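First comes one chain, alone, set out as structure tokens in the form predicted on its own.
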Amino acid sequence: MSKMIQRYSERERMNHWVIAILFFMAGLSGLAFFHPSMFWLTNFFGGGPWTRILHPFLGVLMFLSFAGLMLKVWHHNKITEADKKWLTAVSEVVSGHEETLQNVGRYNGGQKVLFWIMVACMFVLLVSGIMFWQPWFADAFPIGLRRLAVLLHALSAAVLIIGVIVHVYAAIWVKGTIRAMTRGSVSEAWARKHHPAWHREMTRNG
């Protein structure tokens, strides 16, 4: 049986799942106002008025939770030459031939790109949301700027939702990945195959 390597601490896993729950709630409450056909989603939050009240607070809590994670892992997500090589060879990765990519660290190039996309989207969502948050801040901004903020808010939310779908799909597709966020550990074989440089670092450090 392959030995296990700790990938995420209990605190990191809790943070991840808090972000996931808040994302789900903020996403549903936001979609309720995106188009009349989805207004029925307000039923999950106690109706239209309560949904409008709760959505921005859920968004702020999601941003703060993500900020805590970002400050902890951003240095692991610096783009390196190995990541550029991974991105150019992504077709080989998809086909299951990762043996030539021996310098993949804790996160691969795709994970890092997705991380920075999420950082950008979270920031835009926060700033744009504040700009049309009634009744607290909206009156401080001209109507033209508020309309632009609404557009940017919707676009960044769409990109974030797509990014999360990709994130979830990749976690399911790469067998053994979900265990990292449910139990905190991965098999040594998994680490050696998908993140060989990180595997060498972890085994070298005992």
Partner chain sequence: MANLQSLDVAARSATTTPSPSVRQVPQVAKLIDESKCIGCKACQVACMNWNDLRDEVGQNIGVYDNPADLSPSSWTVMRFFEVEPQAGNLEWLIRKDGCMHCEDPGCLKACPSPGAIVQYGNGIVDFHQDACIGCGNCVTGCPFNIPRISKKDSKAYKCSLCSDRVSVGLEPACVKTCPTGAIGFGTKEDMVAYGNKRAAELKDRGFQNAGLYNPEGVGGTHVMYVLKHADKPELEGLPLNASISPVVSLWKGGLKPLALLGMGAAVLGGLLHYLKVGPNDADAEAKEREAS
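Nothing here was measured: the structure is a model prediction, and the numbers come from that model. Positions refer to the first chain, counted from 1.
Heads up, the form predicted in complex with its partner chain isn't pictured, but that's what we're talking about next.
Enquirer: With its partner chain left out of view, which of Ile161, Leu28, Met181, Ala67 would have a heavy atom within 4.5 Å of it in the predicted bound form?
Expert: Contact residue from the list: Ile161.
Enquirer: Would you check, heavy atoms only and a 4.5 Å threshold, whether Gln134 touches its partner chain in the predicted bound form?
Expert: Gln134: yes, in contact with its partner chain in the predicted bound form.
Enquirer: Residue-level question: is Val18 within 4.5 Å of its partner chain in the predicted bound form, judged on heavy atoms?
Expert: Looking in the predicted bound form, residue contacts with its partner chain do not include Val18, since no heavy atom lies within 4.5 Å.
Enquirer: If we define contact as a non-hydrogen atom of the residue within 4.5 angstroms of the partner, is Ser185 a contact of its partner chain in the predicted bound form?
Expert: Taking the distances in the predicted bound form, the answer for Ser185 is no, it never comes within 4.5 Å of its partner chain.
Enquirer: With the partner left out here, check for me: in the predicted bound form, does some heavy atom of Leu71 sit within 4.5 Å of its partner chain?
Expert: Result no; Leu71 lies far from its partner chain in the predicted bound form.
Enquirer: Could you pull out the residues of 44-81 that have any heavy atom within 4.5 Å of its partner chain in the predicted bound form?
Expert: Gly48, Pro49, Arg52, in sequence order.
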